[in-house]
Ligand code: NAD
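A lone chain, given as structure tokens: the form predicted alone.
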């Protein structure tokens, strides 16, 4: 079969021919219907060195995957060949306290996982191929009626990651509250939709690009602001001087983190999702009192089931552009130069 494989750190992916996978006991082979291209893949191609993560190339890219069950290994029950499914991306050990409740994104025994701290497309072969080998049936989640694999694929990360970040702050998003989304790209535009679908909060979207702010408006943002020197003051003015109850930073650069802290309300949440590598100095007087600052990584398997349901009901619809496997590198190039709107989905 044909596959898009990353041969090494700081290299371009290559289209190669590889053997079609065969499932072993407890494993599942998924025929890929859609594989999302993620901005984090660009970090794998351009930024990472050996030792940055506990796994190394070569491997097939694609950690946002959905399709149909193609083959079942011995002992697998509850799935049928031909059934539409999504693949849960973080592959943990399955037995630690976090994994037992489905939070394999926070596995506490990574040495016993299929690949420490990774998964398909992140150390092991992913979904930018005709088929993907999934090492355990628990990572395969049936799609609800009304949701096809192309629409489901980006929900497995670009939907699940903001959903998890928002869900943990639901208690701070009642009527009368304000949430700020910084960076309305592949994840941020879905975050706007999730906020509107699951909370009663007012949503303010912030970006440097006019087209991104238009995408935020399409998703239901109540106010859009072009990022600049006065953005924090504009957010405070729009909230009666109080600031935002929840700030979600989908960039993670120093400037956006400082904006988030400056715009946040006392007792609020500042959640850093983007991995641009910024830092935020914290001392007693530098942030609002009792502002909780945290990072998040992906989401849990039960949360993925909830996100897929939102997608099936049409409440969360990522803006996507589809590409064939031959055009995958063009999708990454558009992502790199900022001309990709929404999310790219590779359809092998």
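Residue numbers count along the first chain shown, from 1. For clarity, every value in this text was computed on a predicted model and none was experimentally measured.
The form predicted together with nicotinamide-adenine-dinucleotide is left out here; the points below concern that form.
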Indicate whether the candidate residues 28, 77 and 301 are all in contact with nicotinamide-adenine-dinucleotide in the model of the complex, with contact defined as any heavy atom within 4.5 Å. no
Testing 108-116, 203-211, 92-100, 142-150 against nicotinamide-adenine-dinucleotide in the model of the complex with a 4.5 Å heavy atom criterion leaves exactly one stretch, namely 203-211
Would you mind picking the one in 264, 129, 191, 251 that has a heavy atom within 4.5 Å of nicotinamide-adenine-dinucleotide in the model of the complex? 251
Pick from 260, 219, 186, 268: which residue has any heavy atom within 4.5 angstroms of nicotinamide-adenine-dinucleotide in the model of the complex? 186
Contact flag, residue 180 vs nicotinamide-adenine-dinucleotide in the model of the complex, heavy atom cut 4.5 Å: no
Closest heavy atom of residue 335 to nicotinamide-adenine-dinucleotide in the model of the complex, within 4.5 Å or not? yes
So, residue 256 and nicotinamide-adenine-dinucleotide: in the model of the complex, are they within 4.5 Å at any heavy atom pair? yes
Would residue 274 sit within 4.5 Å of nicotinamide-adenine-dinucleotide in the model of the complex, counting heavy atoms only? yes
Determine the residues of 151-165 with a heavy atom within 4.5 Å of nicotinamide-adenine-dinucleotide in the model of the complex and present them in sequence order; the list may be empty. 157, 161
